[in-house]
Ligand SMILES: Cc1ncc(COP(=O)(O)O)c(C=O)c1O
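First, one chain by itself: the form predicted alone, in structure tokens.
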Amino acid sequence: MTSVDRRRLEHLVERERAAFRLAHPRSAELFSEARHLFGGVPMTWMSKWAGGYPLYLDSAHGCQVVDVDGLSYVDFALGDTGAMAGHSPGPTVDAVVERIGRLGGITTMLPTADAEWVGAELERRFGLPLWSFALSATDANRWAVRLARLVTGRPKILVFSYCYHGSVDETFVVLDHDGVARSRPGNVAPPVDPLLTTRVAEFNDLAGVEAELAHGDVAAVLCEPALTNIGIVLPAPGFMEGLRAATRRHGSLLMLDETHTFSAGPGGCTMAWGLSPDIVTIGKAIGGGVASGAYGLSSGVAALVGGHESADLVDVGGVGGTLAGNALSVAAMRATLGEVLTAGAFTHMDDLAVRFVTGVEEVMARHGAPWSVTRLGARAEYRFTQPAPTTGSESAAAEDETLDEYLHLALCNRGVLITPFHNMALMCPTTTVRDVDRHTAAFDAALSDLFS
């Protein structure tokens, strides 16, 4: 394997930065004029884009993005899963226009028939019979965690080190180098020490899970079936089955967040791997880009919730929001699930992700890059280590900010976008073989310069 020459890497980063600035003067101008935006961006994470400032959007359709400087890109970031259906998919746009225009009533505090259709479709895909809506997976997770505490009478949840569940306070806990639980580095002013609310284990460590559950105070294990926002960390054979057995043995619920792992297929990992959670949460992709989220409950959990007559679920009990389940977002969910993110679409997306991974592996091998690439259905990600990490902590240890910046800039300067926080690429229904091969060529060029 070939090691990275750090001096050469720094030189290449400077070269790509200069090319980026030269190609994007209008984006630079708009960024410099954004004096009323905290951090200069609409949302602080947008400053994560490599190059010193983000590209400014002009238009986006399917997997193609055009910036304000008139440059076109193949978009594998796809809103970090929010645009898994592609940008502005036709059926979703039609449903949104119909609701906004002819039908009216974007949000009215009244239900629509679309809601029951979406609930039935989510049951068909994920197996849980009862659903409630949110506007994000973060809120779906927050509300479902409250319900888990309600029905178990237990105060804590268990998460995995370097997991990702949006901005849910309880999930910002990791294990340090000595295996000791601590607040995740960078956690912004948590309302309480998260160790008071949370237990943590390493993904793929069933013994560690058992030890934490043995305390008898865990209401639910909240996990992604595969870790995602720290690279893709797949479960070891038997891990998810062992996790399900352990939660049942210790009287805890199993709560799966399928927001990113929805890439595994029409029913996420739950359907693809035959999992049997007590609660499922999902967001982003199911609305085709319109703010959406949902959580599903098993019949048993729903019955236990209903048995708590003192719990205020319809007003000020801390579960739900005024705009959740509004007519517009539910119409978008129905169209996206019914006509865009179909079983056939996932087959197409999976095939392209296989081609993507094959191309990346061939390029890595040709240049002797000591890295790995992992696929989860329509989603793939490379990591600067080999073999691929098996825990969140291993994956976090493989981070390399300078390599990240170089690859993101080198790809961007060659017309390819991947997710700004990490090296994730996602296929959508309109992604083509040509789009995938364009990434392979750009990735090959970047590694050729780095390892030549």
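All residue numbers refer to positions in the sequence shown, first residue = 1. Keep in mind that what you see is a predicted model, and the values were worked out from it rather than measured.
If you look for the form predicted together with the named molecule, you will not find it shown, but the lines that follow are about it.
Segment assignment from 121-129, 161-169, 231-239, 334-342: heavy atom within 4.5 Å of the named molecule in the predicted complex: Only one stretch passes the 4.5 Å heavy-atom test: 161-169.
Position in contact with the named molecule when the complex is considered in the predicted complex, options Met84, Leu243, Leu376, Ala137, heavy atoms within 4.5 Å: Flagged contact: Ala137.
Touches the named molecule in the predicted complex: Arg99 (any heavy atom, 4.5 Å): Residue-level check for Arg99: no, no contact with the named molecule.
Touches the named molecule in the predicted complex: Asp217 (any heavy atom, 4.5 Å): Outside the cut-off, so no.
Contact of Arg199 with the named molecule in the predicted complex (heavy atom, 4.5 Å): Taking the distances in the predicted complex, the answer for Arg199 is no, it never comes within 4.5 Å of the named molecule.
Partner contact for Lys156 in the predicted complex: the named molecule, 4.5 angstroms, heavy atom: No, Lys156 sits far enough from the named molecule in the predicted complex that none of its heavy atoms falls within 4.5 Å.
Interface residues of 240-268 toward the named molecule, as seen in the predicted complex [heavy atoms, 4.5 Å]: Residues within 4.5 Å: Asp257, Thr259, His260.
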